[in-house]
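One chain comes next, on its own, written out as structure tokens in the form predicted on its own.
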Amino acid sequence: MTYVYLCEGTVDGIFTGIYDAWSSRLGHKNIRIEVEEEFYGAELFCEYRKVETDREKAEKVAASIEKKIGYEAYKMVYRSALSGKQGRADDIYRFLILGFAIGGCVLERLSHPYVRAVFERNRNVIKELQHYQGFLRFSELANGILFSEIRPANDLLPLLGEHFTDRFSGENWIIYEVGRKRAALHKKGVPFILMEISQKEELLEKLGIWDFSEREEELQKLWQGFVDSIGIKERKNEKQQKQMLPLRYREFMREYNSSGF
């Protein structure tokens, strides 16, 4: 019999699933952890157990990783839990089974399939995060709030929230993630929060605003004019442009999209 723990796709959800699975004492080889959103149907000879996300359990798992394997391992596992690739919950569970057994040296076992899987997920998340840290564009709304939209492959909103809280701590800003329908909201001087928002229009309606500020519209025109003016037609290299700035990052960039909202 295989016991499948179905958890939420958040970091807290995955860590809670790991806590419940470990505490069950059913034997690691008899357990599998899956993200509920990625579950497509029941299998024979499996018992499915729904995991209710519990912040306290998740914090205990996080503390155990830091204490028994190390802070670097915790950060790697945390970022891997934000991966958009399927199978991340069970990969992390298998990684921790080994890590709790041998300690921090688990990070050196890159030939081990579960260590390699977590390492690759972590690297992929970091790479996309660095791109969005450079490519993300804020626009000023009429009420002064800075607004941005993203559509990342990985769940970057918690990491981008931390980054821009540090960088723009004195600003009111919102980052809306189109695919996962969530937003990071920051009020100057306080930590950001994550909120489920079904549609961008719902968010803008709550803010009571639909337009850019006059200054923003002028800056967009100036910026687009600057981008056009510095281009040299004879030296245009679209292939190299796509290598330096892949198409999927351009969806909400004003240099390529002047249609506003």
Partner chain sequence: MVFAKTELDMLKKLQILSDAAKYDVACTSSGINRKGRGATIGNTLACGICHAFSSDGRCISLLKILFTNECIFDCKYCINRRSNDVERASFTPREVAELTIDFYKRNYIEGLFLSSGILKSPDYTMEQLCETLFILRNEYHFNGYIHVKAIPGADPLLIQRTGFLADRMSVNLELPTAEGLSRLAPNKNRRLILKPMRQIQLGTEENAYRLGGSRRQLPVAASKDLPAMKQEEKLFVPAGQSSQMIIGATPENDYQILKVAESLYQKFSLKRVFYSAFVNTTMDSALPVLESGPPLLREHRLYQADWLLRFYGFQASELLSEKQPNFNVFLDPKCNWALGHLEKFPVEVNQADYYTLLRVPGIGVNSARRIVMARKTAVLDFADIKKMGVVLKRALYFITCGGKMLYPVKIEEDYILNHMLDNKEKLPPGVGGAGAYRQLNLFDDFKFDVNFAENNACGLRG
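Residue numbers count along the first chain shown, from 1. The model shown is predicted, which means the values in this text are computed figures rather than measured ones.
There is also a form predicted in complex with the partner chain; it is not shown, and the following applies to it.
**Student:** Could you confirm whether residue 226 comes within 4.5 Å of the partner chain in the predicted complex, counting heavy atoms only?
**Tutor:** Result yes; residue 226 sits at the interface with the partner chain in the predicted complex.
**Student:** So, residue 190 and the partner chain: in the predicted complex, are they within 4.5 Å at any heavy atom pair?
**Tutor:** Result no; residue 190 lies far from the partner chain in the predicted complex.
**Student:** Please run the contact check for residue 23 against the partner chain in the predicted complex: heavy atoms, 4.5 angstroms, yes or no?
**Tutor:** No, no contact at 4.5 Å.
**Student:** Looking at the partner-bound form in the predicted complex, is residue 79 within 4.5 Å of the partner chain by any heavy atom?
**Tutor:** Close contact exists here: in the predicted complex, residue 79 approaches the partner chain to within 4.5 Å, heavy atoms only.
**Student:** Tell me, out of 142, 98, 107, 178, which residue has a non-hydrogen atom within 4.5 angstroms of the partner chain in the predicted complex.
**Tutor:** Comparing distances to the partner chain in the predicted complex, the residue within 4.5 Å is 107.
**Student:** Considering the partner chain in the predicted complex, find the one stretch among 60-68, 213-221, 41-49, 23-31 with heavy atoms no farther than 4.5 Å from it.
**Tutor:** Answer to the contact question: 213-221.
**Student:** If you look in the predicted complex, which residues in 123-144 sit within 4.5 Å of the partner chain (heavy atoms)?
**Tutor:** Contacting residues: 123, 126, 127, 129, 130, 132, 133, 134, 135, 136, 137, 138, 140.
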